[in-house]
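For reference, the chain that follows is the form predicted on its own, supplied as structure tokens.
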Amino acid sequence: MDVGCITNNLPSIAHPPKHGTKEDKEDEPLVFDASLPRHEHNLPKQFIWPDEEKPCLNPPELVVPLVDLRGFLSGDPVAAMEASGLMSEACRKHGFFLVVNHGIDSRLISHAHRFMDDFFELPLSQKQRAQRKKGEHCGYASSFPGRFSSKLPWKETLSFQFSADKHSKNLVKDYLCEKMGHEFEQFGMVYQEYCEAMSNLSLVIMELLGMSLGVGRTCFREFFDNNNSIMRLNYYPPCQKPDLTLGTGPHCDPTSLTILHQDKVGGLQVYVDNEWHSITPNFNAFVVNIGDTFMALSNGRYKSCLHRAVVNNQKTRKSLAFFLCPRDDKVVTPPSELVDHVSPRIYPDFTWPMFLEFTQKHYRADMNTLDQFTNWVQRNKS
């Protein structure tokens, strides 16, 4: 792809469209071509984060519980109690834990990582066939310059919707083939299968979370049974100034539950006890964290924690993120067992599409997203 001439003294990693006057170009969002920045030492100011948010060197490692699912999956009640207890402890403190012996085929995980290269190593013009449109959450996004004018993340993503409804059996595959062509059919089949595996795993985790909160195994599993979730492929190219930018800025996930698989490069950091901590990659484990929607569902008992991703100057980092979300018509309201005079209602009733619209059109996700959304809902009601 011809990147054209560069204006505004911007380096070639971020460039405006090729046509129009200088004034027109200054009003246009930048285009981030991730194939070019590997050797670029000058970062556009839009990618440079404020000093108080820049990555720290050698953060301490976060000690997160390793939850072994083998016993629970085999029906061992003692193992189930132990697993739910570990989750409860983590979720009351920071909302992060690892799961191992989860039953997901290791070959499927490897394929899901390998097939990312088939997409992200394409020329920019071909990836843009799946371009994410303004106000939407699915499609290809290259650093989100169309949404934000500062603090841009150093990454590319490909997001698509998954439905556990039996009438939407091939939603992922059909979407990817529609956007990228039928030569991406195998690509689509891999992520269709991966999403189905993540959906099943999330329901297992929801059983244990239900046990840990004293509302029973079926409460949350049934709530998310026909989930309407989001899958995201994250691709963080090397950056020659990793101390100035971030792959993903500090935020809490607005979704219910995130199941993340990191490659071996690492870069996930979590903010706990007023300090950033790293979570070391473990290819045999999934990193699980509570999102804002489940924090509301638990009436604030379980925490949605601030986290971010950093980049490095040597290697591309890849991660697979499955964001569990309830079906569109489900009302997010805590079970009656979690509401009493000691723990009154904290958040209003809402549906996931309401919250998603808020984060896409009205508010950039950060540590205050759920509180800001609560205020927004109350203002609209009044």
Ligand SMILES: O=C(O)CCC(=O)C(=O)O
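Quick caveat, the model's predicted, so the values are computed rather than measured. When you see a residue number, it is the position in the sequence shown, counting from 1.
Form predicted in complex with this ligand: not shown, discussed below.
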Among 253-261, 107-115, 193-201, 177-185, the stretch whose residues bring a heavy atom within 4.5 Å of this ligand in the model of the complex is 253-261
In the model of the complex, the residue from Thr248, Ser142, Ser88, Ser298 with a non-hydrogen atom within 4.5 Å of this ligand is Thr248
If we test each of Met206, Leu158, Leu268, Leu213 for a heavy atom within 4.5 Å of this ligand in the model of the complex, the one that passes is Leu268
Practice task
Determine whether any heavy atom of Asn234 comes within 4.5 Å of a heavy atom of this ligand in the model of the complex, and answer yes or no.
Solution key: yes
Taking this ligand as it sits in the model of the complex, is Ala285 near enough to touch it, meaning that at least one heavy atom pair lies within 4.5 angstroms? no
Non-hydrogen atom contact Ala309 with this ligand in the model of the complex at 4.5 angstroms = yes
Original post:
How about Tyr347: is it within 4.5 Å of this ligand in the model of the complex, going by heavy atoms?
Top reply: no
